[in-house]
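What follows is a single chain, given as structure tokens, in the form predicted alone.
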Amino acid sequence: MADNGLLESVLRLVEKVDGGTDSQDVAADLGVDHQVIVGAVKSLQALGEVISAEQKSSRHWELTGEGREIAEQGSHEARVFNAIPDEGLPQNQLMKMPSGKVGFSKAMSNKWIRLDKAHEGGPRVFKTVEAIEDTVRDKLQLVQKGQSAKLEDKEKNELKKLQCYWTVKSYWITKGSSFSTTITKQETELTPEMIASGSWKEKKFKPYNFEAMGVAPDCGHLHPLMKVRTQFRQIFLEMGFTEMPTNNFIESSFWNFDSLFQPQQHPARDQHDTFFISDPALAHEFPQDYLERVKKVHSEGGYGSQGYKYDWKIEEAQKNLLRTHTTAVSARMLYKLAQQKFTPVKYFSIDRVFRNETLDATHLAEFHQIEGVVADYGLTLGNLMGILHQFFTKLGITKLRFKPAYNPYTEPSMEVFSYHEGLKKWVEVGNSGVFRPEMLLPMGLPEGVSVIAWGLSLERPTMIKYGINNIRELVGHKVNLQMVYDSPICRLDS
């Protein structure tokens, strides 16, 4: 609350004027900042009917840098007109002037000048009138002198690139029904002593503020990762996708790698990149006819492919592991789709995956993968890029780049990058591509069917939206719980 000396100074100024005064004038008279007077007005309002204050807004106009230049030197078209001598001026010479290009088109539109393209020395510009009236300069000079009220709204709109305005909020202060130039302290509590003595009858009590915010109740808080996960899921559902079941963290190498046409000697299948399970170490239940087709396309080729030409081993395909991507779930769902009459589908999943990564600011060994899959006839890379732009725009991420990439199970393939404002660099947020025929046709899908897919981590978009620079501040034992309490309900821009 403002001190009593300032409050009483304000009240004395209000007392001197009939009909009220503006808070900006009060600030000028007392030589203090306007915001200090605004605080004093609110303090006086809290005392009851001492004053009446009505908030009002006023516009103040001023010229931009270009507007000030025109007010001093004239409009672009006037400068072009004044630069042309009676014998005319070559067009190429006119265009080299600072105001040449803009001024030429506007002067032509005003019919102040004409262009003689057939002139023997080349295109030449001539005046068509003897004198002009520079109305643009005249109007801007009015704004510069603080006389913008003389301009009509239409004229202001025509000059909106050359001037700007800001809105000033102030209070019109008048005397209240209980006006006084002295401040009487108001009581905030009714005590037993006041009731017993009857002194409460002479006391002035501060009005109870029913609009005041109460104490925030203690409650649980959602982690930012879970908030963004919910928003991702909602976006997929809005786009007509169906959620895939992802309740198996442990997967066989067959579904995680082999069904995706990823060769058994691929570096990703090494222990340096994958967590293998020791107990149970092997899986035994596979669709045998499908397994044989996968084995054949790897070792011998087929469906227009020469394959990898190596000795495919069932022992490698049986190895159990912590799934390295949710694409293993997509493979199972596409195989299931192939066993029935084909209908176009759109699938998505959001769940945890595991990789033997080196931990740094943007990598963890355990993270969430978001995956989208669309299967239909005749889908192309253009369809994929379009749906990615739509998908990320719904997230509020508009700065996207695509980079050609290589994946064993997609061709063509693209990495997706988004600009991270905190790290001040482009960060990879996902991978995408069109599933290869060597993956789809052994499942039994029709030949004309294409499947476009993309995957991205949940953590990196969350970091981008919340301005977190280190993934270990978002997930893990170093997370600051206060960040969880203080984070907004949702930062994504729908």
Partner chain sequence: MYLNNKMLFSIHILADEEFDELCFEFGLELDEITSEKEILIREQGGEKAEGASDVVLYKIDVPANRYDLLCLEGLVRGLQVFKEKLEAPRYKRVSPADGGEPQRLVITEETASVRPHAVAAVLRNITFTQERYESFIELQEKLHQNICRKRTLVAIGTHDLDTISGPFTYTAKPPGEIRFKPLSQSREYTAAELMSLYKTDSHLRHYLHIIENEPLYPIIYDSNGIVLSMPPIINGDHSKISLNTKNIFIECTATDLTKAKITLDMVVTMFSVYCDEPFTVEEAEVVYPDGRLSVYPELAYRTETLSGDFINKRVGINESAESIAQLLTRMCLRSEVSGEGDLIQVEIPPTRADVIHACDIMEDAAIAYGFNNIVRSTPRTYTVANQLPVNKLTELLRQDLTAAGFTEALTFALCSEEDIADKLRKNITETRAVHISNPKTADFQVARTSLLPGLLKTIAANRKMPLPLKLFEISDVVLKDETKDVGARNNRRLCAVYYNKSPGFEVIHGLLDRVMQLLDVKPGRNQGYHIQASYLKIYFNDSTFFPGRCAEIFSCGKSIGHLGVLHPDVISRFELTMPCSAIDIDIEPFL
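The structure displayed is predicted, hence computed values, not measured ones. Positions refer to the first chain, counted from 1. Between two forms, the rigid core is the largest collection of C-alphas that superpose within 1.5 Å.
Quick note: we don't show the form predicted together with its partner chain, though the next part is all about it.
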(request) Specify the contacting stretch among 318-326, 194-202, 72-80, 124-132, defined as having any heavy atom within 4.5 Å of its partner chain in the predicted complex. (result) 318-326
(message) in the predicted complex, does residue 447 come within 4.5 Å of its partner chain, counting heavy atoms only?
(response) yes
(message) Can you work out whether residue 386 and its partner chain are in contact in the predicted complex, taking contact to mean some heavy atom pair no more than 4.5 Å apart?
(response) yes
(message) Using a 4.5 angstroms cut-off on non-hydrogen atoms, would residue 222 count as touching its partner chain in the predicted complex?
(response) yes
(message) How about residue 144 - does it come within 4.5 Å of its partner chain in the predicted complex, if we only consider non-hydrogen atoms?
(response) no
(message) Using a 4.5 Å heavy atom cut-off, which residue among 101, 185, 150, 401 comes into contact with its partner chain in the predicted complex?
(response) 401
(request) With its partner chain left out of view, choose which of 68, 436, 34, 465 has a non-hydrogen atom within 4.5 angstroms of it in the predicted complex. (result) 436
(message) Heavy atom within 4.5 Å of its partner chain in the predicted complex: which residues of 306-322 meet that condition, in order?
(response) 306, 307, 308, 309, 310, 320, 322
(request) Determine whether the C-alpha of residue 418 shifts by 2 Å or more between the shown form and the other one once the rigid core is superposed. (result) yes
(message) Superposed on the rigid core, does the Cα of residue 458 end up 2 angstroms or more away between the shown form and the other one?
(response) no
(message) Once the core is aligned, does residue 441 move its Cα by at least 2 Å between the shown form and the other one?
(response) no
